[in-house]
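First comes one chain, alone, set out as structure tokens in the form predicted alone.
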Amino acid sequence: MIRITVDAEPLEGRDGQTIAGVLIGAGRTAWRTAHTGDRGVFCGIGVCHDCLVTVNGVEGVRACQREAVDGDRVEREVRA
């Protein structure tokens, strides 16, 4: 098991899960706000950019592609 922090909320996931997988497993379906509304996973293969988050201070990380690592700090992105 791994633990990550998402917007200051601790979440648990399994080794090898993507950040999106951990978020979906915790019941979160949206974690980014764009000018057209809330976004989460759409394509799941890194093409659409709907799942972007900030991880450990790095903006624009695709949650569907990035493996969650124990101790990751994930933050919601807001884009206009």
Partner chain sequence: MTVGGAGAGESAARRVAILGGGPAGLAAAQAALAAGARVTLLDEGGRLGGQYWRHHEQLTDRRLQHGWARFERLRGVLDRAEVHTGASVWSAEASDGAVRLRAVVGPADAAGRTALEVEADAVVVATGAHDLALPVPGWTLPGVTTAGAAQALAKRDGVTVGRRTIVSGAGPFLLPVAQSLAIAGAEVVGVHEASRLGGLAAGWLPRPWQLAGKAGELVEYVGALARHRIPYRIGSGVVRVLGTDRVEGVVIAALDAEWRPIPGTEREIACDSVALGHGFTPRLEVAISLGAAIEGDRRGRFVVVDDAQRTSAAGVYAAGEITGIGGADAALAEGAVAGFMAAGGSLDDDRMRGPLAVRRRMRAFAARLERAHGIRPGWTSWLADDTVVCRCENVTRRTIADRADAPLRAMKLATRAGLGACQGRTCGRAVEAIVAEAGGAPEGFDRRPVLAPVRLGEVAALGQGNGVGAAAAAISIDDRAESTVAAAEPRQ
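Just so you know, these numbers come straight off a predicted model, no measurement behind them. Positions refer to the first chain, counted from 1.
Below: the form predicted together with its partner chain, not depicted.
- Remark: Glu67 counts among the residues lining its partner chain in the predicted complex, judged by a heavy atom distance of 4.5 Å or less.
- In the predicted complex, none of the heavy atoms of Arg73 sits within 4.5 Å of a heavy atom of its partner chain.
- Of the heavy atoms in Pro10, none are within 4.5 Å of its partner chain in the predicted complex.
- Using a 4.5 angstroms threshold between heavy atoms, Val78 counts as touching its partner chain in the predicted complex.
- Contacts between 30 to 49 and its partner chain, taken as any heavy atom within 4.5 Å in the predicted complex, involve Ala30, His35, Thr36, Asp38, Arg39, Val41, Phe42, Cys43, Gly44, Ile45, Val47, Cys48, His49.
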